[in-house]
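The data below hold one chain only, encoded as structure tokens and taken in the form predicted alone.
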Amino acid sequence: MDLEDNIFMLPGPVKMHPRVLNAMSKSAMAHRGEDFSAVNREIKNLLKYLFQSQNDVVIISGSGTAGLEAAISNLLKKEDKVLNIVNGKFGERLYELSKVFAAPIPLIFDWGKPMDLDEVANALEENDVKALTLCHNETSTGLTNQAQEIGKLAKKHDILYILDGITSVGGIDVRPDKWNADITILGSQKCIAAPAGMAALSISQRAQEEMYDGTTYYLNLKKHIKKLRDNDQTPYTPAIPLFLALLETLRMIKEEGLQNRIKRIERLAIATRNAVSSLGLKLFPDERYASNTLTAINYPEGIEDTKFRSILREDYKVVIAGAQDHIKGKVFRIGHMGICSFTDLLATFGAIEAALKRLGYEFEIGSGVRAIVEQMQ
């Protein structure tokens, strides 16, 4: 497959704009010089715009998981209890990280199903926890969790709230301050359409006051906060080309307008869900909580995952994702975040219709594409 000639619709990493790719090709820069400090200064201000918060921010040369580990390792020790809400692979990852650093209490719900807020409330009543974790937008299932409601419970019980916003910040409306989220994490390769390999965190004053010293070295958030806030610098050697790419993506979001981007992605999500329904297919998650940044779809009977995605990739140059864990082979996923357009979506569903037809699935040809065109009006 020609990597420069395809329709790239993964739920992360996502396709990148030429402006972002070009930003990474600049000459080497002294990372302790004023030029790089100016880059950091602009990134810092644009991240506050992106997070819709005046909290201190941190940029880490590491993936979104590094950001999650930074949050947990700085706020929790082995004796600290933490409630982990789990209804997908990435809620599960927060639990796995918590097992390394703290005393986790998992609260598990079925994949693709919304959490029961009463059960969460009961778990908080019954357990003396220091913090809770939530994956806001569960990439594994295409479901968006009730982050604002969880924030209300965290405030009621006066506990720390760690919010995984890796596939929501920049694509779904996220309000850390209003939702009482003490640390909110994003990953660069998702909604903001930057290269993989960077995490950014929005960190409340309360979280800073609750942080331990000496629980981690490279991911010591106090060091990162102080260096960026006071000197527009990083404590350790940064991945400079990725910082330059991050800056360009953030500039593009500001140019588009964050709320405009969120509304555009919502329209793409509605079009995708309408196309799925028109083809007689079913969403994997509870449709009331279906994500706007990606869509997870059940395979119809008789359609084999590897064959279907291979036809899309090799014959029609369309790249989508399969699923993970126990739903692997049963579900396929389409990302429509970042700089995804209606043109991308039309090409994707044209190819999906062709592949389904070749594999013997019966439906009205053109119905999926028509549903997208109707949403474009």
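Note that the structure is a prediction, hence the values are computed from the model and not measured. Position 1 is the first residue in the sequence shown; the rest follow in order.
Beyond the structure shown, there is the form predicted together with another copy of the chain, which is absent from this document and is the topic of what follows.
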query	finding
Contact residue in the predicted complex, chosen from 270, 303, 196, 108 - any heavy atom within 4.5 Å of another copy of the chain	196
Sole residue of 233, 298, 180, 189 within 4.5 Å of another copy of the chain in the predicted complex, by heavy atom	189
Interface membership of residue 327, another copy of the chain in the predicted complex, 4.5 Å heavy atom rule	no
Exercise: residue 215 in contact with another copy of the chain in the predicted complex, heavy atom 4.5 Å	yes
Contact of residue 52 with another copy of the chain in the predicted complex (heavy atom, 4.5 Å)	no
Another copy of the chain contact at residue 29 in the predicted complex, heavy atom, 4.5 Å	yes
Stretch from 257 to 265, 90 to 98, 151 to 159, 271 to 279 whose residues place a heavy atom within 4.5 Å of another copy of the chain in the predicted complex	90 to 98
Those residues of 12 to 36 which, in the predicted complex, come within 4.5 Å of another copy of the chain by heavy atom	12, 13, 14, 15, 16, 21, 24, 25, 26, 27, 28, 29, 30, 31, 35
